[in-house]
Structure formats: C-alpha cells, structure tokens
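Read the single chain below, which is given as structure tokens and is the form predicted alone.
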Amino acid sequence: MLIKVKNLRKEFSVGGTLFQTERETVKAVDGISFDIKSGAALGLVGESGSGKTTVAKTMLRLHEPTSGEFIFDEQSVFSLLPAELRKLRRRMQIVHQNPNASLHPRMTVMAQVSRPLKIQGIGDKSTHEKQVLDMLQRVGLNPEHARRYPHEFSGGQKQRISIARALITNPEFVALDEPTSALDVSVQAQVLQLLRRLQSELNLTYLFVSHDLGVIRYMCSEVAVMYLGNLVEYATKPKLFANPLHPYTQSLLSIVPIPDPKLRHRDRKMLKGEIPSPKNPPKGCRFHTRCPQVMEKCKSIEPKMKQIEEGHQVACHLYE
C-alpha cells in the first residue's frame, strides 16, 4: 500500500477581528481514514464545503495537520523535518483547480515548469531545457510554447502546463484538486484522457478530488464520499455505482446527467437546504438535517463506518 491516511483531522481557527474577539474553530476534516494502492486512483467526492480540498492539501502539508497520520511508502510524512519534507516533495505533487491562479503571469512556461527541478537540485541548467521540452510534448504542447507566458494560452493549455510542472520531478503520487472543473466540457474530456494516459505510462497514483461523480466514474477505481468533514461511504467503483448505500451518495448519483432522453423523468433525489457550517456541525449524524430517511437516533448518535460487504463500507444507522 503506497498511501495510508489514518484519522486525519484539520481544524482552522477563525475570528479574532476588531469586532469579534472570540475565535471559533472550523473542523474542516474531522477524522477520516483511507488507503490508496500504488498505481490506483481514489476519487474523493462531495459538495463544495465538505473538506475535500483540505484533505489533499493537508496530506501534502500545504496545510499543517491538527492530528492524524499520513504514511507514504512506509514513511510518516507529518513527522518529517522541513529538509526531509522538501526532499520527499519530488515524489508527491499537486495539480490545483484554477491554473490562472497557480501559474505565475510574469514567468515563461520554461521558467515555471523547470522551477521544481531547480528547487530539488535535479540535474543542471543544461539538462533542464530538454526535460521541460520533453514533458511539454508528453502533455500535448509544442516546444515553441516554452517561451510564452500564461496569458497566451487557453484554459485547457494552462492546465496542461500545470500538469507538466507537477510531473517534471517524476513523482509517484499526484493529488488532483478538481483539475477540470474550470474548463469547458469538451476540454475537460481531453484533459481527463491525458491524465488517464499519463497514469498508465508513468504508473502514477492519484487522489482525485471532485464534486462530479461522472468524472470520478471515468477516472477512479475506488470512491470515498465525503460530507462535512467525514467520510460517509467508501467502496470500489463498481459497487458504489451499482448499489449506493448512504442516502447522501444516492442523492449525488441521482442527479448525474445521463445522455438518454428515455431517462429524462427518472427519480431525482434532490436534497433540501445547504450543507451546514463546519463551525457548528450538527450533533449525531452530520447529514441528518437533510436526510430523507432520518431517524431519531441519527440526531444524537454519530454512526461509525461499517463494512457491509467486501470492498464496501458505509457510516449510516440504516445498516446497523
């Protein structure tokens, strides 16, 4: 097992302004655990505000964890010293959601893609240019693009540059934070095909963060469903899409578009209300305020993750 996450928690302290002296705690990620095999892709899915991106950034220590453990290739990432962490970063990379924000507008593509090589001390200036040009071609860009600036590219091309920069150090694990959500649908398909091809060619391990179950179905072999900082369901892709158990997962799947006019009037399980604030999450099951099958015990007792069958776990009182 390449990746093991155990009881990961991340809290943020907010408030303390001129008019608000008391600080509040936001429980963005509240004790989740999962594993990812080498060469596999785990999809982390949920609504905006569920904590998906925080999981990815905390694993790579872009946010420092509150507690928990992240084991990468038998090495505890959260206990590493800064120099040790920097050395390990060449093996773990992230592709952010918005390439307009993650790319420097005043640096050329060559300078940005080669920067990780310089920081990690990989090779020298004479070899960096060849490595960058080879990587740009691998992600579907041309050598002449290396001397241009980000504003000269389309959204899909910018994301390809971000992918090239993430892969230039030959990492084993890549966290993909909604890498196609800011792109047009036709461009999304091209980038997703690219990511699948690169995973196969380079034997990459993915954590794929998305709110789109259609994308997750195409990209991932296992799926973890997240709601308000907790995992509510964890299953292999075939089991989750064939038999979703948690009411939240059932609702997410019911609204995935299907290109078949005969299914236009299928039963859609639309959720009422919005996801509660992580500053003050509901007691018991955090989904009970929106759940169509809520029971009295759901309002006071938090359900634990339970294995229903091999490769399928759910945290719901309906299955106790």
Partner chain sequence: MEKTQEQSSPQTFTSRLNSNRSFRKFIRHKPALVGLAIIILLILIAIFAPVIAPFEYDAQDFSSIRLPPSADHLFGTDKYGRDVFSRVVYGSRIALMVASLVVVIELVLGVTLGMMAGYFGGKVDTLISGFTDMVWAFPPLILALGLISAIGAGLVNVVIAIAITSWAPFSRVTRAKVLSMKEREFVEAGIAIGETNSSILARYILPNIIAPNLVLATLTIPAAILTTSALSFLGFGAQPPSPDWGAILNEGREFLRDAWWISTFPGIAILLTTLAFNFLGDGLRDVFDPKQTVQ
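Positions refer to the first chain, counted from 1. Quick caveat: nothing in here was measured; it's all calculated off a predicted structure.
The following text describes the form predicted in complex with the partner chain, which does not appear among the structures shown.
The partner is absent here; in the predicted complex, the one residue of S154, S221, N170, Q250 having a heavy atom within 4.5 Å of the partner chain is S154. With the partner removed from view, the residue among T127, Q120, Q75, N243 that has a non-hydrogen atom within 4.5 Å of the partner chain in the predicted complex turns out to be Q120. In the predicted complex, the partner chain lies farther than 4.5 Å from every heavy atom of K27.
In the predicted complex, none of the heavy atoms of S79 sits within 4.5 Å of a heavy atom of the partner chain. When the partner chain is considered in the predicted complex, T205 lies well away from it, no heavy atom lying within 4.5 Å. By the criterion of a heavy atom within 4.5 Å, L231 is excluded from the residues contacting the partner chain in the predicted complex.
Between 35 to 43, 278 to 286, 291 to 299, 57 to 65, the stretch whose residues reach within 4.5 angstroms of the partner chain in the predicted complex through a non-hydrogen atom is 57 to 65.
Taking the partner chain as positioned in the predicted complex, the residues of 105 to 125 that bring a heavy atom within 4.5 Å of it are, in sequence order, P105, R106, M107, R115, P116, I119, Q120.
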